[in-house]
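Shown next are two forms of a single protein chain, provided one at a time as structure tokens under the names structure 1 and structure 2.
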Structure 1
């Protein structure tokens, strides 16, 4: 029996790749002073219906009525849960908050490469600060998340926009505020739909003389004044090469209020690999006005990132180095003399107590087969336990170099090697 469409079994090799990703996520987030939190996977359906996420998310919900006759949904994203938590505990924390989460999300959408219906997502959010510096900090964190895995400005670009620029543009054509979300959804899909479809959607809106040509002219403006302070701050951090101002980026979620951005792959067949923006009213709306807290953040999914890692040589190399350093086994004890198995078991426990990853054959096996098991398990060293006991012959499997070490000094010797 196979898993459901859009869901995936994680075999040890798959799980190791995802752990490589999530350990990197956590490491970089903590370097920026972010702390990890979590919330429930199942939420009240009302959380997503309170004009937060927009129509598309609502059509992708895994929703049902539970045994208490309550309408509930599996979370499709983390931001509404974060907003609910912060609104409930606002007075308990000094501001600004730097929080991140690595958690499962669910969306019933068309399965394709880099998209699953259950996925792991990194969310990083900075709450309680509305300055340009806060926007720059969160974008810098996103860039460093990508740089950590070996992606440079030739591999990925951050396409940067601001919804405030669009609000000013819409006023020129008399488009009402209540139509803003509908209009921005049209812009969001322009790249993926034929021009005739865009013209048809524009015609359905009440406006004064807005055409696709005028839209494109605005979107290709050489300068975007509202973004200049943010671009200057990112340049001061040495990150300007990663940034491309681009007004076509509006993000599909209704709660964004200012700067928005997406990380796009420049190589291979993938598109956006991460995205986010400023959402200064979401917590206010969810708390019915009780708490007003500006916020900016981004999300990055594991499925698309794991695909992206395959497409960039340096990223592939770094992943391979990680797997070599975290293989299931560092030291394999080759038991050449079954009479010495008790000593081998005792030695294995000694090495494990010292923090080393150790394996050995659980049954009597030919020495050659044990060496094969050591190599297949990714061990760095094979330790022979045989006629020379308590002197031990050690083979460094990467170079085939052999040396002898007294049994009493093995732990110290291996620990020194693991540090080097």
Structure 2
């Protein structure tokens, strides 16, 4: 029996990789004062159909009717759940809210490398602040997440856009509000489609005097006025190198109202590793107008990140250092004389009480095999318990150097070493 397509069994080595990722996510989110929350994996279908998510994501829902005939869906993303929770508890928290979540999400789509049907996503959201400082804070957090894992401006870039720029543009050319989504879709596909196709689509739209040339001219203009304050603040943080203003980024989700951005991998097979934007109306709409709370946030998926980590040398190196530091065993007790097993387990207990990760052979085994097991488990030290008792021979496995320590001083000796 295999797991379903798009779902994964996580063996210990897979889970170690996941832990590396999620511990990094949490660490950096907390540096920005973000607190972790969670919500249900299963939600009412209605939460996603209130014209909030919109587009593609609705066709990818894992949806079904539960035993009580309720239409339900596994969450495809965290934002609607967050919006629902925040709308319900609005009065309980001082603003702004800095909330994050690491949770599994589900989308029914064809699996590919970096894309699964169940995946883990980091979500960071800043709620209750309308100004550009919140946008900057969120984007800085996103960049610091990436920097933490060893990615630099040559590995990843934040493509930044703003839907407000497009709203002005639409007005200028007399394109109706109802056609906004359709128009942004054309923009989204422009760089992937031949010009004739774009012209054709544009012609089908009601407008006054808009041409592909004018559209292109607008998109390639050297400065985008609405983005300037945000760019300035990011520059003040020293993060400007990561940013590439790009009006072709419009994002698929319907609820975005202002700034939108995507973190794009420059190395390897170009992919979006994270994405987000401002959604000032979602909470208002979801609560039927009861709560109005501007918000900005982003999501970052584990499947893409774990692939990306393998493609950038510095990122790979950092991950390996993590795994070395968190190996399942630091100290391996080699029981050379089976008669001393009681003393050995006593030592193991002392070492474990002191917080060290300790392993030893459970069966009588040749010394060579025990050293092999020590090596295998990633131990830094092997401690020989044998003829020398009550002296112990300690061997540093990386250098093969050996030293002698009395059994009473072992804990202290190892604690000193593990500090250094």
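Numbering follows the first chain given and starts at 1. Computed from a prediction, not measured in an experiment: that's the story for all the values here. We call the rigid core the largest set of C-alpha positions that still match within 1.5 Å between the two forms.
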statement: For the form predicted together with the RNA, pick structure 2
field: Angle, in °, that the smaller rigid part sweeps relative to the larger one between structure 1 and structure 2
entry: 11
message: Please give the CA displacement of residue 199 between structure 1 and structure 2, in Å, after core superposition.
response: 4.5
